[in-house]
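Laid out below as structure tokens are two forms of one and the same protein chain, each shown alone and named structure 1 and structure 2.
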Structure 1
Amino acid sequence: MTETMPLVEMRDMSISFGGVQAVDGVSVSLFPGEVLGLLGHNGAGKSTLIKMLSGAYRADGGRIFVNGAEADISSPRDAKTYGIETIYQTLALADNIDAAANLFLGREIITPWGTLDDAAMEAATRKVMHRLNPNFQKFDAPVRALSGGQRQSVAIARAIHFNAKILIMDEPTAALGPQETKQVADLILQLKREGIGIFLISHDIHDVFDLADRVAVMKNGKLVGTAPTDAVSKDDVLGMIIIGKCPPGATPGPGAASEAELAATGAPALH
């Protein structure tokens, strides 16, 4: 990777709810054109960590840097000003309106006469959709009539049109069939080529190995470790998720299990 400065750096991030430490001293970085897979069991803290970046939660501690400069993110609006967009599993699309209306929902283009500039919004939508998914044709159809992969295209196009440089994708292929999953994978590869950095939250380890350049594994609110996907196996990553065992190809984090902890589980000792 030629870029040395991360797009995003989250340093020592912490947050608790009702005395329970949901995220405890987690540091991760994301580079331009990189997909970082964020893995862990339900309750591991991965979604909570990302919600601090997206502005959904205000961190108790830690610092966020975007392009090397410290960022103050206390709301989703703040996050958007830094080029951070989140595509949730639910996609947050309005089913009864078409792609262009969804793209500009809440940010409509208005004519000098105070009416909606439908022509300008459709032209902009066609341009960004062609860039992402040249085969997309259903510009007049309500979003409810689109396939899961096409709906993902619309959600991603909305983020990209408004100059997102950092995308958070929460379970982007959940409930999609093989063909639609491939369509979303192609979209992600296209975004990588454009230098966009992607946090990929997923329960599907196969998805992550297909799409991510690196993985970061969390357990009990702490970072077990990070690793290039080509330096670890799926079994290695499962060991990180389940018992916190950091393999030789990974960089350990504060949540990595010690030799004594591993011995108590009956797992082989660390190398």
Structure 2
Amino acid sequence: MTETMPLVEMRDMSISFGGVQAVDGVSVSLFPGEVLGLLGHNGAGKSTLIKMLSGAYRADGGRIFVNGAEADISSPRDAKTYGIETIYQTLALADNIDAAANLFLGREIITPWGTLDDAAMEAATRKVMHRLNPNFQKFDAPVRALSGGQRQSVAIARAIHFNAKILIMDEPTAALGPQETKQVADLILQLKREGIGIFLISHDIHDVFDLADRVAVMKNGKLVGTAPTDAVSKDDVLGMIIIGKCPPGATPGPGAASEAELAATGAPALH
């Protein structure tokens, strides 16, 4: 085994929807203070893989270990008890309630009389939102009235407010402006320094190279391979994403294309 124990280890994860094998025998691990970039074409199975970790889907097969101990994750609530927080690609916000209500949804602050402490929740929301998006003002408007980027800030705020140990970010900056994107990048580096492990799903390969320590590439539900970002080039990773070609320096997975398959696509063979 490696010198440190992985924060999370997913072994041989599989799930299918009807006839579609969305994730097929994928194993990845994430270490404390590590950012793992999860890459792949549209429909490769990235979101589905991390949804099994966040409790949104129940895996058909595979095991999940958190800090070396097998974790039984069958609902989003279970995942949260393991310190797993998720920013979903769809943001998963309730449009009709305000930012604070969304941030604390399922974990409301309660007064001694058992009623909602909206003022306390708004105060906490103002603090965490200020860190992500200092210009944000619409605390008493339903989330529907927010811009795409503002909504994304709310989703991020919800994930970082509750002492995450493992953070899953599915395209967290897709709708953000340059300033907010920079803020999220800074945030990721800061959380990483605190020893939090982060799954970062993004289509922006430059972002991934700037932030991630390793990349894992998926294709058609299978893992093509994983590689430390300093051992491969961006072109190598593009090759992994597009044709499933595993470069030297990467650890191939079950989804890596064989020489014969590569020859059939007309790509240069592995040397």
Partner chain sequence: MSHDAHGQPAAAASVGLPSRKTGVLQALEVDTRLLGMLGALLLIWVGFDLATGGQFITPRNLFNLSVQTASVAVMATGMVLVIVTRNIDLSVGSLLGVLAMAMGAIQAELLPQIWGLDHPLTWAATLLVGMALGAMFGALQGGIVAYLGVPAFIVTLGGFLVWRGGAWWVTEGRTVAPLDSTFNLMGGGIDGAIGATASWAVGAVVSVYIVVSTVAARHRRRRFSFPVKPLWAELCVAGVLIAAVLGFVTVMNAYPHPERRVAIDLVDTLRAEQATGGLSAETLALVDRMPAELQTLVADPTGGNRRALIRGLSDWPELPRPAHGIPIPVLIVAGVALVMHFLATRTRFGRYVFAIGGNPEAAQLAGVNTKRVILSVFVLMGVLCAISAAIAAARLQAAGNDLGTLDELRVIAAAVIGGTALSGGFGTVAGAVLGALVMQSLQSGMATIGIQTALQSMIIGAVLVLAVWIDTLYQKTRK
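Only a predicted model underlies this, so the values are computations on that prediction, with no experimental measurement involved. Rigid core: the largest C-alpha set superposing within 1.5 Å between the two forms. Here, a residue number simply tells you its place in the sequence of structure 1, counted from 1.
Here the chain taken from the form predicted together with the partner chain appears as structure 2, while structure 1 comes from elsewhere. Core-superposed comparison between structures 1 and 2: the Cα of F136 travels 2 Å or more.
Shown in the overlay between structures 1 and 2, fitted on the rigid core, is a CA shift at R107 of 2 Å or greater. Superposed on the core, the two forms differ at I160: its CA moves 2 Å or more between structures 1 and 2. On a core-based overlay, D98 has a Cα shift of 7.7 Å between structures 1 and 2. When the core is overlaid, the C-alpha of L146 ends up 8.8 Å from its other position between structures 1 and 2.
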